[in-house]
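Below you'll find only one chain, the form predicted on its own, shown as structure tokens.
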Amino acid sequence: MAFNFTPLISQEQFHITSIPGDKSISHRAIIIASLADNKSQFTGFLLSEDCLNTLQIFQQLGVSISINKDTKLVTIQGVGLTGLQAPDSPLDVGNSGTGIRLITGILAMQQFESSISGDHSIQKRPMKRIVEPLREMGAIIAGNEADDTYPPLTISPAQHLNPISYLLPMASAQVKSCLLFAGLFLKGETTITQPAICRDHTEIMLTAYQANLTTNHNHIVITGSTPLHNPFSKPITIPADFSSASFFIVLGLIHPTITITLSKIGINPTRSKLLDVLIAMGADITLSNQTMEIEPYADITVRSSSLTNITVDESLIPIIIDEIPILAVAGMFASGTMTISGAQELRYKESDRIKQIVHLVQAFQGHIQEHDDGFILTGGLAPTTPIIETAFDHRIAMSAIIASLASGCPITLDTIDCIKTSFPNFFDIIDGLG
């Protein structure tokens, strides 16, 4: 169903305290705590469809998990590395690429058969980048379609599983995490070499849970068959999601009159490099109240700024990959030319995000050239009631709404249901602005 959005911002100062918990950390909290040999509790868990699907999958695998939806407190009674049970029905990740890639690494090491899939979008996403190295480990995985790597994936028990040394063909936190989780179950060392540093939430939480893991620059080694154990006596805080916060960070910079402060936002340096990119563009950004638990977080204040587009260093692309749609919106409101290259990974997200970013910018009458691995965008827009095709991609939908709020231009979107997969209270915050 089409959704018509009319922008309205009625104030100039905003303090947003309700950015939801970090999506990447919430997935990993369920997964790692389920494999631990004792109980864990997490506060700030993201109650989105994607993360709740991961929670439900581990319940299907025999893990006792309870959730207080008012306090967002999740309690998990881990079953250890040998305690997962065969599910009695196929496992459904919904729209979550993170979910299917990470969980498949665990299922591939089990001595029971399982099947994992997701919605229509997931079933169109090739899983070759995880299936091939898992097969090198000895896993037996059958997929759909001609090349046997599209979901649904059916995983059968394998008799001969072994650790490997693997060079990632491209920096990917999802592929890296899949193989680290698989390595947990194998005797010996699984070594992963990444061509560039990418998000390290998995390594941080595995280390906190006493996994036998070492990192040396781009090389990560995990020695399997080491029990995971939660050493914390109190609930672990999941910071607010930086990728979700990025929509309102950019809004505060490109809207002509407002200042926004966002509370307790995760600032893991392998996650928050968008701040450096925006500051290089001339953004007025201040961090305060910095706190460190398992991961760091802080309050972020942004003020309306005159931005100048830049060529983004390719080494940053794996770290800001999820924020590139909203960065493109910032680029529309900046002067000069923004160049994004080395971002082929965008083609394999919830949609072909390069294609959808080009459509979004053009719908606002902006100037953009599409390339195989990115785009070149020249600042400026002249919107005339844009009609936005989201391709059921939550980040494209939210980026379009932020562009509408900043430009004052009403828009029509083909759907907004996809936003619930990552940011269920997005419109509550939008309502608070007007």
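Residue numbers here begin at 1 and follow the sequence given. Keep in mind that this is a model prediction, so the values were computed, not measured.
The discussion below concerns the form predicted together with a small molecule, not included here.
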Handout entry: 4.5 Å heavy atom contact, T154 and the small molecule in the predicted complex
Key = no
Problem - Contact test in the predicted complex: R101 vs the small molecule, heavy atoms, 4.5 Å - result: yes
Practice task
Answer yes if any heavy atom of S172 is within 4.5 Å of a heavy atom of the small molecule in the predicted complex; otherwise answer no.
Solution key: yes
Handout entry: Interface membership of I321, the small molecule in the predicted complex, 4.5 Å heavy atom rule
Key = yes
Fill in the blank from the handout: Only hit among K264, K273, R199, H359 for heavy atom within 4.5 Å of the small molecule in the predicted complex is R199
Problem - Residue stretch of 164-172, 114-122, 250-258, 78-86 approaching the small molecule in the predicted complex, non-hydrogen atom distance within 4.5 Å - result: 164-172
